[in-house]
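One chain is shown next in structure tokens, namely the form predicted on its own.
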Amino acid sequence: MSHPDKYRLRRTMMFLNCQKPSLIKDPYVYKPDSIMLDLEDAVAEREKDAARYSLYHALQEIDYRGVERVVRINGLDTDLWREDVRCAVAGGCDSIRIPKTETADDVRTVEYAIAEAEREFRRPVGSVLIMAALESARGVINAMSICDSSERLFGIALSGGDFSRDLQVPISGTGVEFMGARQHMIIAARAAKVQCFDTVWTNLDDMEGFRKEVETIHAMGFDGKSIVNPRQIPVVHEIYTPKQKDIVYAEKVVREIEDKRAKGIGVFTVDGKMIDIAFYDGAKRTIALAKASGVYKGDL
């Protein structure tokens, strides 16, 4: 049985450093869809235990008001990740992000550790979801098997900094170095029926460049974007929220398809455009996204 939150709305996933309690105490005020409570790169080596302490108490004591709480653990090549999993599960996290994922076995290794922690801390087995960050050429090549690795896996995410280093190219700001990876990942995610998320944009002085990138990944089919600053949230949400004209058109398509299907008519026009049953799922998705975004006032 699928987890009820596996396909929840995740337009924005904001990174927060668990080393700094002031950052993780009230991020819900900015209304991201998800927060990424980071135990990995953002936390200094000597502060890992302190960051876990902050994470546990934040998860236990703070009401994040419906914002999904994802914990990024340390890499599987360290001796830190198992205790990260235990702390996150004990605290009550919703999901765990695996960094530097390269194989399906990486996901299954963490899945096993999560299940052990769920039993240890008396949480329902299967309650904690997983997302996998692809940060290398090998990880991107293996996207399909990673997407198929576990029922807990709700999505994959591109990590641009490490990926560009693995490609031996600088981050250009144009996105050209990520084109192949993005296309490959979104195809794999859709084939496996999981979500797909884009990498962060770190140049906060270039909000126009950020907007263009979000428009691009939205057009490609990504479910959302990792972000590093609350200023980025309204831009992503605006682009990912269906416009009223798109909602009205989607309603027409759904109603016409359902009506014509009952009458045995396969091809017809809506607002002058040729339509058939292939357009039904897309129209329903537009309406579902409008509902999840809180802008739908219809009755479908």
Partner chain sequence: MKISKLAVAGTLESSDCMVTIEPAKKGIDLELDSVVIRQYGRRIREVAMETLDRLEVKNARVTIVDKGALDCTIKARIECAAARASEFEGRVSWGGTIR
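Not measured: the values here are computed from a predicted model. Positions refer to the first chain, counted from 1.
Below, we refer to the form predicted in complex with its partner chain, which is not included among the displayed structures.
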With the partner left out of view, is C87 within 4.5 angstroms of its partner chain in the predicted bound form by any non-hydrogen atom?
-> yes
How about E83: is it within 4.5 Å of its partner chain in the predicted bound form, going by heavy atoms?
-> yes
Any non-hydrogen atom of S54 within 4.5 angstroms of its partner chain in the predicted bound form = yes
Any of the heavy atoms of K245 lying within 4.5 Å of its partner chain in the predicted bound form?
-> no
The one residue among I233, V270, I62, I239 placing a heavy atom within 4.5 Å of its partner chain in the predicted bound form is I62
One residue of I257, A58, I35, A42 in contact with its partner chain, assessed in the predicted bound form (non-hydrogen atom, 4.5 angstroms) | A58
Partner contact check in the predicted bound form: of 245 to 253, 260 to 268, 45 to 53, 65 to 73, the stretch with a heavy atom within 4.5 Å of its partner chain is 45 to 53
Residues within stretch 19 to 46 having a non-hydrogen atom within 4.5 Å of its partner chain in the predicted bound form = Q19, K20, P21, S22, K25, R46
